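The chain below stands alone and is given in structure tokens; this is the form predicted on its own.
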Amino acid sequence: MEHLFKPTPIQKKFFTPIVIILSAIAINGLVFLLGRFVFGIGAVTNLNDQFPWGIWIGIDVAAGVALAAGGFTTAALGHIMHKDKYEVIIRPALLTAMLGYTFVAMSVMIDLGRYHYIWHPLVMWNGTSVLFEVGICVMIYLTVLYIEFLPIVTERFIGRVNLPGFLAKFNNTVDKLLRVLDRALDKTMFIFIISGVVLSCLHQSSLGTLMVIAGEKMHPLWQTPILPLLFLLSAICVGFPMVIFESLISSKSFGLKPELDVLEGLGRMVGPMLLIYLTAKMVDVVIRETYVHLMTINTESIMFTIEVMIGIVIPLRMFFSRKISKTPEGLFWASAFVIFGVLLNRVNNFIIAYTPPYAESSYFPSFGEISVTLGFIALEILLFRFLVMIFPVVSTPQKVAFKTKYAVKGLFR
């Protein structure tokens, strides 16, 4: 008797003490979100004409897009580079990215004063606008993510269609349609995978371009012509740590043994990527001579130092340490530091470094803004838990008796 890992729905109870707490946080956020739509954005947030965006853009959108990068990095690794060893982490990364981008789109909508005009970029094209490029790429990539998730849906329901009542007569028809869809996706999926990777690179870097055109409104420590490159590099750097972080938490939550061999392999790739990112960032600071701003102790210099030291240097050292990177705890904390660093980088760029001209006061998020952001995070976790209990996303060990080499093929047929 041997074990093979196969994606299967998780058989666990949904509600736990932590799930109940997350549900309360999500409900609280939804209450404030309802207030935003009923009473207007000004009634819930501290946004105004001088500070038209806050944490809903800095965290929910900019950081959310970056932290969902595990979808395209694992797709590139497993499907394009054909590293079959990492197949087990592609589906959870895909689901995380799909949920992440869904909430990014929702965050953009609630941040718009006239949220009902969010569809305008689809028909009112502006090829010279960086924000237009970001919006279109995110819309298309979100569609691609849902298409990439469809084979998981067909796998779950093919041969198991059981419609209730009078709808039962359509069981065979629906099953045949699912099989046709599955075959069509099997032949065309490579197009969507490649498109997803290309689209991700485009809008990850374009978010940096968006801040470049802010000009002197940005603090010199972050305002640089290579900001698009830095945004892309940081997104690539956080992709695998986010997958490691999510995988270890999921394994703990569902009582599964973590795939340490796979996670260690991902960890070995993070160190060199962080080194490239740190080098680019430091070379830029030296060439532009903006290091002089670090001599003055203020909010900007402190936040920049924390971002670099805790978010890059410390995890860089941890990922290059074979002793640390071979333990679940070491991988968890090293990944957590990278995630914190990229999150702080987006907050620094979109909130800390950005100062509107003639600002009469500083911006600090309201309780309603914080509630909605935390509510979205909690809701995303709850949806992830719910979906992995329905669809074959997480790989679990399956006991299989092997008699011939053909038994292996039969398991995955």
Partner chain sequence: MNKSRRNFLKTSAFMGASIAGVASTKPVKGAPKNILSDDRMGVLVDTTVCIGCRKCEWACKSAHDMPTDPIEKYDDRSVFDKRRRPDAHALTVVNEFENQNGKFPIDVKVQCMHCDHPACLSACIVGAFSKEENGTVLWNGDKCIGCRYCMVACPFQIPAFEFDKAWSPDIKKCDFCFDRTKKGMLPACVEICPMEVLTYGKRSELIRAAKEKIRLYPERYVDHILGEHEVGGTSWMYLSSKDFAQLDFPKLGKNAAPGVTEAIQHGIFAYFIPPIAIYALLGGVMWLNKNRKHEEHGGDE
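Please read these numbers as outputs of a predicted model, since none were measured by experiment. Residue numbers count along the first chain shown, from 1.
We do not show the form predicted together with its partner chain, though everything after this point is about it.
Enquirer: Choose one stretch from 223 to 231, 249 to 257, 152 to 160, 318 to 326: the one whose residues place a heavy atom within 4.5 angstroms of its partner chain in the model of the complex.
Expert: Result of the contact check: 223 to 231.
Enquirer: Are any of the heavy atoms in residue 53 no more than 4.5 Å from a heavy atom of its partner chain in the model of the complex?
Expert: Flag for residue 53 set to yes.
Enquirer: Quick one: is residue 124 in contact with its partner chain in the model of the complex, heavy atoms, 4.5 Å cut-off?
Expert: It does: once its partner chain is placed as it appears in the model of the complex, residue 124 has a heavy atom within 4.5 Å of it.
Enquirer: Given that the partner is absent here, does residue 111 sit within 4.5 Å of its partner chain in the model of the complex, heavy atoms only?
Expert: Result yes; residue 111 sits at the interface with its partner chain in the model of the complex.
Enquirer: Please determine whether residue 352 contacts its partner chain in the model of the complex, using a 4.5 Å cut-off between heavy atoms.
Expert: No, residue 352 is distant from the partner.
Enquirer: Answer yes or no: in the model of the complex, does its partner chain come within 4.5 Å of a heavy atom in every one of 18, 91 and 102?
Expert: Checking in the model of the complex: none of 18, 91 and 102 is within 4.5 Å of its partner chain.
Enquirer: Exactly one residue in 212, 147, 308, 273 has a non-hydrogen atom within 4.5 Å of its partner chain in the model of the complex; which is it?
Expert: Checked against the cut-off, the match is 212.
Enquirer: Going by heavy atom distances of 4.5 angstroms or less, which of 333, 291, 132, 170 would be at the interface with its partner chain in the model of the complex?
Expert: Contact with its partner chain in the model of the complex is made by 132 alone.
Enquirer: Even though the chain is shown alone, can you say which residues of 38 to 69 have a heavy atom within 4.5 Å of its partner chain in the model of the complex?
Expert: Read in sequence order, the residues that approach its partner chain (within 4.5 Å, in the model of the complex) are 38, 39, 40, 41, 42, 43, 47, 48, 49, 50, 52, 53.
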